[in-house]
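Shown next as structure tokens: one chain only, the form predicted on its own.
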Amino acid sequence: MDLVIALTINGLVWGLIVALIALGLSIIFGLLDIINVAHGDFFMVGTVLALVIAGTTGFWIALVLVPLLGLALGLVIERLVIRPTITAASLTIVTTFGLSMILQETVRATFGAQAQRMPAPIPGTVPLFGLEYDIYRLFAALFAMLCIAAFFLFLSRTTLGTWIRAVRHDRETATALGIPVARVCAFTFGLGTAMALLGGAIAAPITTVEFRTGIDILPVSFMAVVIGGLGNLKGTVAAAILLAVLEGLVSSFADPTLARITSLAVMSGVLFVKPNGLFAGATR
């Protein structure tokens, strides 16, 4: 029983981190209508930058700097890579796939292929449901939850957030109202990239850091977006947590391959019953 409780808590912690990353993927898809194949590698870059910056200035500085660097990286990539190719969906998939390869090979050439581990910035354990649970994992869950809440507050309470929602809803009307659509799209891509890198910085002390770290996070993020309902941000959060708990339990009692197959089966079943996603039609 203790094992099931520990695995469920681990799944909730990881699910909140995945939800933060999937929200970045979802908002990019919802606004720019592109499938960003490089999104998992942005997460990987976040883990690497966190490891490097934490080694020189400390983890807490890294937690602030990494998403800011992610925003800057996203703005540059949107201007140089995404904007010139956004006219065709197939072209953006090929382009972001090439970007994924470039990011992986750059990290491997710079930092090597050996997986590295980052020490937990908050060592120790606390009693939780009869277990001694890692303090940093609880912090990671709380911090990811606060970031997700801040993201929804930003969308609902700020002018820029209102512009993003307006462009997602109707781009032509937004243009007619004088909203700078091109700048909103550029910022949204930067914001989605920053969220992926921030997820990487949070996850760095509880996962391995290497050039392939983003490979596993991309499929589960896509499945969360699809199961939650394309464009449904709250549905994406719920689906990410459900998938993370499910995969954690199955991979521990069986193996990781079966866990991923189970997630794919769940996604297929959801799409068979509700083609627009499990939370389609719910409040966005």
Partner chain sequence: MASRIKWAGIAAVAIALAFSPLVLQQLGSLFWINVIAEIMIWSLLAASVNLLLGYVGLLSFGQALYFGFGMYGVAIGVSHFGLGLWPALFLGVFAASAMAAIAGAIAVRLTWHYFAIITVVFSLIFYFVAMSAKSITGGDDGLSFSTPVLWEAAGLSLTDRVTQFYFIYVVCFACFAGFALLVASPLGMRFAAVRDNEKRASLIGINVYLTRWIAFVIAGFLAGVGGALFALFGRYASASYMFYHVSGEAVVWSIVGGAGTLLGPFIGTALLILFREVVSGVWENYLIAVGALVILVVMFAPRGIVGIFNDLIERRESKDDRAAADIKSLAEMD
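Under this definition, the rigid core comprises the largest set of C-alpha atoms superposing within 1.5 Å between the forms. Predicted, not measured: the structure shown is a model, and the values here were computed from it. Numbering follows the first chain given and starts at 1.
What comes next is about the form predicted together with its partner chain, which does not appear here.
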Discussion item. Considering non-hydrogen atoms and a 4.5 Å limit, which listed residue (Leu99, Val209, Leu73, Ala186) is close to its partner chain in the predicted complex?
Written reply: Leu99
Discussion item. I need to confirm a contact call. Of Gly130, Gly178, Pro84, Gly124, which residue comes within 4.5 Å of its partner chain in the predicted complex, counting heavy atoms only?
Written reply: Pro84
Practice prompt. Sort through 170-178, 138-146, 102-110, 154-162 and report the only stretch with a non-hydrogen atom within 4.5 Å of its partner chain in the predicted complex.
Written response: 102-110
Practice prompt. Look at the candidate spot formed by Val52, Pro67 and Gln114 and say whether its partner chain comes within 4.5 Å of a heavy atom in all three of them in the predicted complex.
Written response: no
Fill in: Residue contact check: Met267 to its partner chain in the predicted complex, 4.5 Å heavy atom
yes
Discussion item. At 4.5 Å between heavy atoms, is Val226 in contact with its partner chain in the predicted complex?
Written reply: yes
Worksheet item: Does its partner chain come within 4.5 Å of any heavy atom of Thr57 in the predicted complex?
Response: no
Worksheet entry | Distance check, Leu249 to its partner chain in the predicted complex, heavy atom within 4.5 Å | no
Worksheet item: So which bits of 31-53 sit within 4.5 Å of its partner chain in the predicted complex, heavy atoms only?
Response: Asp33, Ile35, Val37
Worksheet item: With both forms fit on the core, has Thr57 moved 2 Å or more by CA between the shown form and the other one?
Response: no
Fill in: Post core alignment: Asp33 C-alpha displaced by 2 Å or more between the shown form and the other one
no
Worksheet item: Hey, does Pro256 budge by 2 Å or more at the Cα between the shown form and the other one once the core is superposed?
Response: yes
